[in-house]
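Below sits a lone chain in C-alpha cells, taken as the form predicted alone.
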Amino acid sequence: MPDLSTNTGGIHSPNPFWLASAPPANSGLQIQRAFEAGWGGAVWKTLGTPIQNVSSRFGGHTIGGVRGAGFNNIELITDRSIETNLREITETKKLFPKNPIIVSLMVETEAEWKDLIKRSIDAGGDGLELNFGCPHGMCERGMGSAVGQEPKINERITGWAVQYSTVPVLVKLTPNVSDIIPHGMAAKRGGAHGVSLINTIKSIIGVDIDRFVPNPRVGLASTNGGYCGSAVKPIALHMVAALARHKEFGLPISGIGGVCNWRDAVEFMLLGSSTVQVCTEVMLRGYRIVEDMIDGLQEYMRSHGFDRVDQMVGKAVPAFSEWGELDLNYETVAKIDADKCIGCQLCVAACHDGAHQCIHPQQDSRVPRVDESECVGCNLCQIVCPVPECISLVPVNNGFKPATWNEHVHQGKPLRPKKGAH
C-alpha cells in the first residue's frame, strides 16, 4: 500500500487532502466529521475580529451543463467569537491528535497578530496559515489581498508571524496579481515555512437581468466576490508550477483551486504541491468525496510505481518550459477513427470556422476527411469531438531535427515549412 503521509513545511498529515479555510471548516463539529470521513488535515476558517456576514452570499456559474463548475462567494471570515473557535479547536485536536489543524488568521496590527498567534497555538493549532488572499470585504479594510498584493507588507507581516510562532507558518497567496513570483519570494524572505495557493479570484459571477443587480443579490445591490471551483484550476496550476520551478523559491506548497477528484490532486502534486486543499467540491457534494480521492490516489501511485507522495511531487515541473524552448519542428496531424466516428461533423465546423480548414465532409461517407498537408495539429477537432479517443493527434516524422525558437534565432537551426498558410 503506498504511503500517503505528507510533510508540508513541517506540518505532518496522514494523507495530502486538507479542507481549505472556508465554510466546510467553519466549526469543530464539521471538521470532526471531515476527519471521520478520511480528510488528512483542515485549515480552520479564518479567525480575526468576527464579521457580520451578508445574506445571500454564494453564486454559481454553469459551464457546459455542469452546475457549480464556477463558484463565487462574498462571505468573509468567521462570524463566530474567537473564544468559541479556539475552544472547538482544542476539542477537535483532542479527538483527532494525528490530523493537523492549521489555523487561518487575519488581523491588522502587530499586537493583534502576536496575541492571536499565541492563542491559536495554545488551543492546539499544528500550524498557521496567514490569509493574504481574500479579494473582497477584508481588502477594503487593509487586510486580505491588500496585503497579498504588496510584497513588502507580505514580508513584514510574515516576519511577525514567524517571530511569534512556535509552529510552521504558511502564507496563503492571492492570485489577483500579474506575477506570483515576487509574492512567493516575499513570503520566503519573511521566513515562511511554506505557501498555499491560490485564494479566490476577484469576480462578478453574473447579473440578474430582470432586477439589474449583480449576483449574489443582497437586497438591491451586490459586490465583487471570490471566484473558485473547477473553473479556476488552470490558473491555480500555473501559479503553483511557476513557484515550484523558480530556482530561488524552494518552499513547500499546498495547492488550492478546483480540486474536485483524485486526478486534479495528482496534477497539483506533479506540479509541486505536497498537499491539496478543497473547498467548493465539498460544498457541492459533501465530505465523503475524500474516499474516492484516497482510493484514486493510491491506485495511481501503485500503477506508476510511487511508494510515497514525495516521490511524485514536482515530477512534471521540468517539462514546464518557456514558449521559446518548445520544439518547433515537432509535428502532429489529426487522425479520425472511422469505426468510432458518429458523423456529427462537429470537427468540420470547428476546423473550418475556428482553425485551419483542413477537415472536410465527404458525400459518400459519414467520416470527414483530414487534409494532412494543411493540418497543423492544433487539437481543436479533438476537443470538440463528443466521442472519446475518436480523434487522435499523431506525431509526424518530417525529417527535421528538434529546434526551438531561441535556437533558430541565435544558431540558425532550420524550421520545418509552415502549414495552414493557404
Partner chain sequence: MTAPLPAQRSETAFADFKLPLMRDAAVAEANRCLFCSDAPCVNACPTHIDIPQFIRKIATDNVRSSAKTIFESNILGMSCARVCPVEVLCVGACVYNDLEQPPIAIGKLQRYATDMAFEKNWRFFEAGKPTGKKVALIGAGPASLAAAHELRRLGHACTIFEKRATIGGLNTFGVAPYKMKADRSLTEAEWVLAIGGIEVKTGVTVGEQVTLQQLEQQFDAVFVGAGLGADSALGIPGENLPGVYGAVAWIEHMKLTKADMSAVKSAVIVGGGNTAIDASRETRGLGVRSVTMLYRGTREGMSGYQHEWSAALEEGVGTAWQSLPIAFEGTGRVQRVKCVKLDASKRPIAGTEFTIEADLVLLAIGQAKLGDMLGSLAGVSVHKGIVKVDAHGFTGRAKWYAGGDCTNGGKEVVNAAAEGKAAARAIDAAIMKGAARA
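Numbering follows the first chain given and starts at 1. Please read all numbers here as calculations on a predicted model, not as lab measurements.
Just so you know, the form predicted together with the partner chain exists too; it's not on screen, but the next bit is about it.
Asker: If contact means a heavy atom within 4.5 Å, which one of 346 to 354, 147 to 155, 114 to 122, 76 to 84 is the stretch that engages the partner chain in the predicted bound form?
Answerer: In short, 346 to 354.
Asker: Contact between Arg33 and the partner chain in the predicted bound form at 4.5 Å, heavy atoms?
Answerer: Result no; Arg33 lies far from the partner chain in the predicted bound form.
Asker: Is it the case that Val376, even though its partner is missing from this view, gets within 4.5 Å of the partner chain in the predicted bound form, heavy atoms only?
Answerer: The answer is no: Val376 has no heavy atom within 4.5 Å of the partner chain.
Asker: Even though the partner chain is not shown here, does Pro386 get within 4.5 Å of it in the predicted bound form, heavy atoms only?
Answerer: Pro386 belongs to the contact set for the partner chain.
Asker: Please run the contact check for Gly65 against the partner chain in the predicted bound form: heavy atoms, 4.5 angstroms, yes or no?
Answerer: Answer yes; at least one heavy atom of Gly65 falls within 4.5 Å of the partner chain in the predicted bound form.
Asker: The partner chain isn't shown here, but in the predicted bound form which of Ile181, Val207, Ile235, Ile342 has a heavy atom within 4.5 Å of it?
Answerer: Filtering the options by heavy-atom distance leaves Ile342.
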